[in-house]
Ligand SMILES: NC(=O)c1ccc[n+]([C@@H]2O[C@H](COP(=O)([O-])OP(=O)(O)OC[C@H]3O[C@@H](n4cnc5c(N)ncnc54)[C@H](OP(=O)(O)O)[C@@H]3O)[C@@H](O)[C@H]2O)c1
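First comes one chain, alone, set out as structure tokens in the form predicted alone.
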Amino acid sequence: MTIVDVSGIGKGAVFLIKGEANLLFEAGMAYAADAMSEAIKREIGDKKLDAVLLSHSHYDHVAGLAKVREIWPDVKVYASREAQEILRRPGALKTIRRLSGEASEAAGLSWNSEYDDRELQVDVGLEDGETVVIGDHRVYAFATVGHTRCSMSYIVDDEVMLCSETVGVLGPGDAYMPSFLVDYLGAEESIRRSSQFSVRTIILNHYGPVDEADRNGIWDILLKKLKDSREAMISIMERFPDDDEALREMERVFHSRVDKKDQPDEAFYINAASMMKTLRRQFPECFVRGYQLIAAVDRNWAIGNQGRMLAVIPADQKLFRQETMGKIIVMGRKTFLTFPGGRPLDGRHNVILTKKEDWGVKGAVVCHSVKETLKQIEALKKENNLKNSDVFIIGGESVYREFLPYCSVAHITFIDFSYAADTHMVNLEKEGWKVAETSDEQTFFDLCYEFRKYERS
């Protein structure tokens, strides 16, 4: 078996697997179709092209099919069943045509815009784990979800793995393009799944064969690069809250060294925007900001002892009611059990976090993890037309610590006394929070206290 890069323009886009039967992996860009077809003909001469294996349904992988079918009308096109369905949809075909034109314009190259959309359709839809025989080749197909829902990789004759874009795109030097458009966690799993197969040759999409010296460690490399790209993108999104600014920074970080013929800026922006949505959906804890925190603490930032508050101050209780009425309050189970009668507080949306799976209470939302709590908060916000600033974290110690990263404002009743205590809140001043407002000194019998408003710096 011989494998040849027949991209025509550029490299790493289309590969020919030569044998008794000739297979093509991907069909490439519309503007490269003529050059690609000529490269194929140079390799196989008068022999026929038997099949095209598509990794997914994006325009830069399927647009060359029209030219391929023109020259080899009996060719069979294989892809996942999901890709087969997508390439029947008028909206998807319209997008492929539009992006093909924009890519051709960006590359300064001509393309045939007069093709029939039906020429891009898939003849044989494959299921995950299905094996097909094409001439002298045995082809095993397996789903590698992450870049798209329809992404599929192939193993030919137990020797060659043809990888979908899900596992990531390597470039010159240490360049890397993340590709988890629809499912980051799926991309991680797809890399792990791919690593389970033992093959002699690994072909990476938009790259080519992996060097023999790197073959054993390639999956660890790709998994690390995927995780690093996630952290880099999350960092960019935190530094640039405006999506357009974040996209421009991602273009600088990930796309500045990419040949625009291979991926025009607009295509990158579409992909990056999709990855941003995926990260927000799968890692909501990294992006939530604006919750508020309310607590009464002593000089040592203690908040309680043996399940009780350190002091009961009427003005503090009044402030708590004023700030939280009509809002979402988030607490631990032990804090909830200190409420009068063990009932949810009236006029507020009570959310309780507990590890006890079989515990519940009427009139409150009970959650068992931070991630579940965040999702329930989002549902309550939407249902009641509330904002992040309408979410108050009210204790106890572990809940304050777990939700501090999501808070931007803290209302602290600071008591000028040191109590015997067994629970504490994080000292906000040591965490870099700044006092934005301070009341005059207040007294309650012999206690001195003040109201402070802290803001995350």
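Just so it is clear, the model here is predicted, and its values are computed rather than measured. Don't overthink the numbering: it's just position in the shown sequence, from 1.
Separately, the form predicted in complex with this ligand exists; it is not shown, and the next lines address it.
### Task
Determine which one of 67-75, 270-278, 308-316, 86-94 lies within 4.5 Å of this ligand in the predicted bound form, judging by heavy atom distances; exactly one does.
Contact criterion met by 308-316 only.
#### Entry: Among the candidates N350, T335, S104, S229, the residue which, in the predicted bound form, approaches this ligand to within 4.5 Å (heavy atoms)
When this ligand is considered in the predicted bound form, the option within 4.5 Å is T335.
### Query
If you check R215, K327, H368, R81 against this ligand in the predicted bound form, which one has a heavy atom within 4.5 Å?
After the contact test, the surviving option is H368.
### Query
So in the predicted bound form, does T423 come within 4.5 Å of this ligand, heavy atom to heavy atom?
It does: once this ligand is placed as it appears in the predicted bound form, T423 has a heavy atom within 4.5 Å of it.
### Task
Determine whether any heavy atom of P178 comes within 4.5 Å of a heavy atom of this ligand in the predicted bound form, and answer yes or no.
No.
### Query
So in the predicted bound form, does any heavy atom of N388 sit within 4.5 Å of this ligand?
Although this ligand is absent here, N388 would stay clear of it in the predicted bound form, with no heavy atoms inside 4.5 Å.
### Task
Evaluate K356 for contact with this ligand in the predicted bound form, applying a 4.5 angstroms cut-off between non-hydrogen atoms, and reply yes or no.
It does: once this ligand is placed as it appears in the predicted bound form, K356 has a heavy atom within 4.5 Å of it.
### Task
Any residue of 379-418 with a heavy atom within 4.5 Å of this ligand in the predicted bound form counts; write them all down in order.
Contacting residues: I394, G395, G396, E397, S398, V399, Y400, E402.
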